[in-house]
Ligand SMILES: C[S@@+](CC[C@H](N)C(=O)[O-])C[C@H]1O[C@@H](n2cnc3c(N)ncnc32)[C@H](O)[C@@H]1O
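The chain below stands alone and is given in structure tokens; this is the form predicted on its own.
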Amino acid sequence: MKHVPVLLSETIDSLQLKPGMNIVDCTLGDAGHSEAILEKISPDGKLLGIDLDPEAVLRAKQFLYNFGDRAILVRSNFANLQEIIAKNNFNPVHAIVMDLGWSTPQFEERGRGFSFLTDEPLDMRYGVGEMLKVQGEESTTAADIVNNYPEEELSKIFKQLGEENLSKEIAEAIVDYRKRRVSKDATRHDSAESSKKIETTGELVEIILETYRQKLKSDKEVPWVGGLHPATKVFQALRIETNHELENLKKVLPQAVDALAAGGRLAVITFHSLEDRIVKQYFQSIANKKIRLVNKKPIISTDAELKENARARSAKLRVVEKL
């Protein structure tokens, strides 16, 4: 299944694309934006697509095959934007797009523990383990975090990055679970068993559900409390922490503005308040100095799009133009 990006037409229109332009897609994904961009800048415009997920790059190559060498795809972290542009001699840059959302294939088809709806290894890294080591990048997994971070740090992550109301209780339950498992297995005098930890999404989800059940004194037989799944915010927080998402966003924004040619445009789509706050504050700090705000208020999805895709409800598009 190919992912269709949120706010696609609004993003393409805002970039004011013309034939022959050079465009950078910092979040390649399933190439939804890239394909539409390449069509707009035909017949000779070029696109530089970046994604840290090697599977995303492979999928994008298939979707963009017909565009030939007009599509230059790079497997890297967009925090290295200036280096990537220089290495590929990709100048001038007329527009840049960043879609900070997630595609369904990334959540449900990669087997890396992004989704709480399936029981998978608790990984959550954008890249693949061995490739990350070769690239010299951070290889800490979500499992490493839940098994090794102290209770106070876990609570802080769940509260700040996930805005989870039961952050303290869930962190306490995780640490208690770790101790309980080690103590129980240690009695068997089996070193392999005694070191067993929280390794799958299913184990973590059950800890979170049990915490909610105890807090709300709910029936222990129900799969979850109802409405928004209780694991949603914790999984968001772990994904952000594992991949240093907010830090990388802060790194790439000034690089993107500097990389643009005069009159070039930068479009950023965010999906939660932490990201949007970073983008908004940065744009405001350089407004009328380096950039012009194309839209002072973020562009949001239409009612028609919301009917087709409920996940679009939190999407916000901000666009600026290089002075």
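Don't overthink the numbering: it's just position in the shown sequence, from 1. These figures come from a predicted structure and were not determined experimentally.
There is also a form predicted together with the ligand; it is not shown, and the following applies to it.
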Q. In the predicted bound form, which of the listed residues (Leu48, Leu52, Ala256, Leu38) lies with a heavy atom within 4.5 Å of the ligand?
A. Leu52
Q: Identify whether the ligand in the predicted bound form is within 4.5 Å of every residue in the set Tyr177, Thr211 and Pro230, based on non-hydrogen atoms.
A: no
Q.
Looking at 202-210, 150-158, 93-101, 169-177, which stretch has residues with any non-hydrogen atom within 4.5 Å of the ligand in the predicted bound form?
A. 93-101
Q | Contact label in the predicted bound form: Phe235 to the ligand, heavy atom within 4.5 Å | A | no
Q. Hey, in the predicted bound form, does Ser139 get a heavy atom within 4.5 angstroms of the ligand?
A. no
Q: Determine whether any heavy atom of Val268 comes within 4.5 Å of a heavy atom of the ligand in the predicted bound form, and answer yes or no.
A: no
Q) Is Gly264 one of the residues lying within 4.5 Å of the ligand in the predicted bound form, judged by heavy atom distances? A) no
Q) Counting only heavy atoms, which residues in 70-86 are within 4.5 Å of the ligand in the predicted bound form? A) Ser76, Asn77, Phe78
